[in-house]
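What follows is a single chain, given as structure tokens, in the form predicted alone.
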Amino acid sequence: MSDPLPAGVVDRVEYDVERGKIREFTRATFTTDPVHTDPAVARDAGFADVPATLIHTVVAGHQRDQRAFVDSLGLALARVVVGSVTWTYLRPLTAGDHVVGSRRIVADEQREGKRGGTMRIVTLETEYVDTEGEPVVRLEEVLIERGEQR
């Protein structure tokens, strides 16, 4: 049984930042800087190990129970699109890090859509902390649930 979530937190995820996964993201995003794949180059550049690419925290999506998350918010998944994602790095995320991310709702509002109907806009923030409890990355996501078709 997992620990209960603190007030306001909708889910929590933790994972290890692995060189292999960083290499996968480097390939998938056509990142050519060897600092992300060669530990010697990374150390020469001042990193403890290879730094993750900027969107690396999407790995958390593979570790989370996304269905339970969507259900807990009462979202109709078929009508949800990602409005935006913003990453704020407080320090580089590097291979060997272990991070824990706590996601909470920042805003949950309804707006009239341009084509009629009501849209729901949910803004979420996940703060990832390292094993020392120090914040590493903040991720803001905006989910848009489009209104039902008439």
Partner chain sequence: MRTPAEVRVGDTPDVRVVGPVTQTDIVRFAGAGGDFNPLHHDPGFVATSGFPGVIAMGQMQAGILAGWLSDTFGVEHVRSFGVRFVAPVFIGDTLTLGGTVVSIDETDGESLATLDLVASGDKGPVVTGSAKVAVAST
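None of these values were measured; they are calculated from a predicted model. Positions refer to the first chain, counted from 1.
Absent from the display: the form predicted together with the partner chain. The rest refers to it.
Q: For the partner chain, considered in the model of the complex: do all three of 55, 59 and 82 come within 4.5 Å of it, counting heavy atoms only?
A: Yes, all three are in contact.
Q: Do residue 121 and the partner chain come within 4.5 Å of each other in the model of the complex, heavy atoms counted?
A: Because no heavy atom of residue 121 falls inside 4.5 Å of the partner chain in the model of the complex, the answer is no.
Q: Against the partner chain in the model of the complex, would residue 37 count as a contact residue? Criterion: heavy atoms within 4.5 Å.
A: So residue 37 does not count as contacting the partner chain.
Q: With a 4.5 Å heavy atom cut-off, would you call residue 108 a contact of the partner chain in the model of the complex?
A: Flag for residue 108 set to no.
Q: I'd like to know if residue 24 sits close to the partner chain in the model of the complex, meaning any non-hydrogen atom pair within 4.5 angstroms.
A: Yes - in the model of the complex, heavy atoms of residue 24 and the partner chain come within 4.5 Å of each other.
Q: Does any residue in 18-49 get within 4.5 Å of the partner chain in the model of the complex, counting heavy atoms only, and if so which ones?
A: 21, 24, 25, 27, 28, 29, 30, 31, 32, 33, 35, 36, 45, 46, 47, in sequence order.
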